[in-house]
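In structure tokens, one chain follows: the form predicted alone.
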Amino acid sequence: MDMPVTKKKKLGLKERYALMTRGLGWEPSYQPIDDIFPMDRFEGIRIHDWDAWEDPFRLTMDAYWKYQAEKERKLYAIVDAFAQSNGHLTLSDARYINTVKLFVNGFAPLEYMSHRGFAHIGRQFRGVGPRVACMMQSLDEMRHSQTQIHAISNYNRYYSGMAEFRHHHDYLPYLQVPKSFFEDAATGGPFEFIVAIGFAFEYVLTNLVFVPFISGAAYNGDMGAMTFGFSAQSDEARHMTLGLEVIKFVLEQDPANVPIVQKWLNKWTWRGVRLLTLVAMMQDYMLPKRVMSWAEAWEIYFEENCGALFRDLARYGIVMPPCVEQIRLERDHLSHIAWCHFYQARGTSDFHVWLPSKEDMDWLSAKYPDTFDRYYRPRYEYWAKCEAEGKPFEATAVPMQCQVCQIPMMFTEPGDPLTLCQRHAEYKGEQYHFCSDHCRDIFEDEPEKFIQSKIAGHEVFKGNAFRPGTDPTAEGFNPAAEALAFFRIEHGRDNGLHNGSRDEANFAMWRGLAKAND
């Protein structure tokens, strides 16, 4: 007997998305929902309709695996070919390798922290759509961390300063800037985390990290970094869109959410720009072949792109964070202040530094006509004279760090580049120090949180940056040498001047051998 054949209906994208996201949720029957999701209300954010959340990509898990698997195949084919063909010897200059060191020490661990953060908050939202979106972003961030570390591991076979990147990220003073950024976000509530990372970092600031770095990698011959960057950038575009959807969703739910979100935008825009100080320095000084200056990148990716964004958000009552005025005043000083600091305090970092050549200074003068020749060229010329005389200038003290952003307190007063900017506040009889008014404001809003900051430079003075079993009372004890041993830094090999370093010598020797006929 012929059986009737029922033709299966092919589900549309919207139906598939509904089944694979909201279809996975259920109403609890024996536990109050507030007990299941205890963390999405204490911040004061009011959500009346979780179903109003719309994932603009409507990405389901099966589609996610398919797209990512395809990207993985292409990525590792190029990364492996780059490693097997000694691609590190095709770089424009050995100095470029220090850019890779800065990235793996400062930024790759942030991808892993972002993975943990999104996995955590995905558990905290009672809406199914946001939970699925957070889970996918958590997987993205894990993958980014793995691919970046894998690609850069090829450099670790030949050059210093990368083998201990996790330990350095935890303890080196300058790396507390990125580390504290994500720790601050992860210890907030789920809504503050997603505004901090999903919106302020992913939407407002990520182009200032990825586009110049990856373009710089391509321009300097680093095909490995360029490939993982392009692979990650397609995910970042999705993260940026999600970040914007998050902020609009929260703002549209209740007018009472607006002042809370505005406070977070003010805080995280400022914290993000302090973090980007390292990127500004990399762009202007560490790339042998430069793509654009920090000032140009800021104009494109913040003033133009984000300016339009904040104008769009004005209909909700959101205004441009007040810190932007100070950022504009610092724009033409930021990278110079940072490189001057790292040149002087090179004993506490894990990459090499150098003085800009005459051609470098002419480029900087053209890009920063109002500041470079007046305030910074004379310093470099004086330090070059010291090097020529065999007495290179170096500061051996551990720098004081800001209690909030934990950046070394090297910045000058807004509008007065000759006066050091320092702010102070007293809380419960203790005095705390800050790099700016904005960091002091952040501290005063949550003092109990920030008095717990474990600041690497201060730990040295407290005697906590020593290896187990160290006896500080022993004859001939050298606290600076012991701190470097605790940091797992070999002074002169992992840091110091690039000229004359082992990395510079090895790069020149290996590239010479690669080009020789015998």
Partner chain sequence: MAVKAIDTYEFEPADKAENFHGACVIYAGWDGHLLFSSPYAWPLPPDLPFAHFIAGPMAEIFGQHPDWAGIDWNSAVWTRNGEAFVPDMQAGIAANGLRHKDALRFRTPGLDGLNGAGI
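Residue numbers count along the first chain shown, from 1. Since we're looking at a predicted model, the values are computed, not measured.
The same protein also exists as the form predicted together with the partner chain; that form is not shown, yet it is the one meant from here on.
Engineer: If contact means any heavy atom within 4.5 Å, which of 293-301, 94-102, 397-405, 353-361 contacts the partner chain in the model of the complex?
Structural biologist: Looking at the partner contacts, the answer comes out as 397-405.
Engineer: Counting any non-hydrogen atom inside 4.5 Å, which residue from 246, 204, 209, 409 sits next to the partner chain in the model of the complex?
Structural biologist: The option sitting close enough to the partner is 409.
Engineer: Pick from 46, 467, 66, 449: which residue has any heavy atom within 4.5 angstroms of the partner chain in the model of the complex?
Structural biologist: By the 4.5 Å criterion, the partner-contacting residue is 449.
Engineer: Closest heavy atom of residue 38 to the partner chain in the model of the complex, within 4.5 Å or not?
Structural biologist: The answer is yes: residue 38 has a heavy atom within 4.5 Å of the partner chain.
Engineer: Since only the chain is shown here, I'm wondering whether residue 429 would be in contact with the partner chain in the model of the complex (any heavy atom pair within 4.5 Å).
Structural biologist: Yes, contact at 4.5 Å.
Engineer: Does the 4.5 Å heavy atom contact test between residue 424 and the partner chain in the model of the complex come out positive?
Structural biologist: Contact check for residue 424: yes, within 4.5 Å of the partner chain in the model of the complex.
Engineer: Wondering, does residue 378 line up within 4.5 Å of the partner chain in the model of the complex on heavy atoms?
Structural biologist: Judged by the heavy-atom cut-off of 4.5 Å, residue 378 is in contact with the partner chain in the model of the complex.
Engineer: Looking in the model of the complex, is the partner chain within 4.5 angstroms of a heavy atom from every one of 113, 150 and 262?
Structural biologist: Judged in the model of the complex, none of 113, 150 and 262 sits within 4.5 Å of the partner chain.
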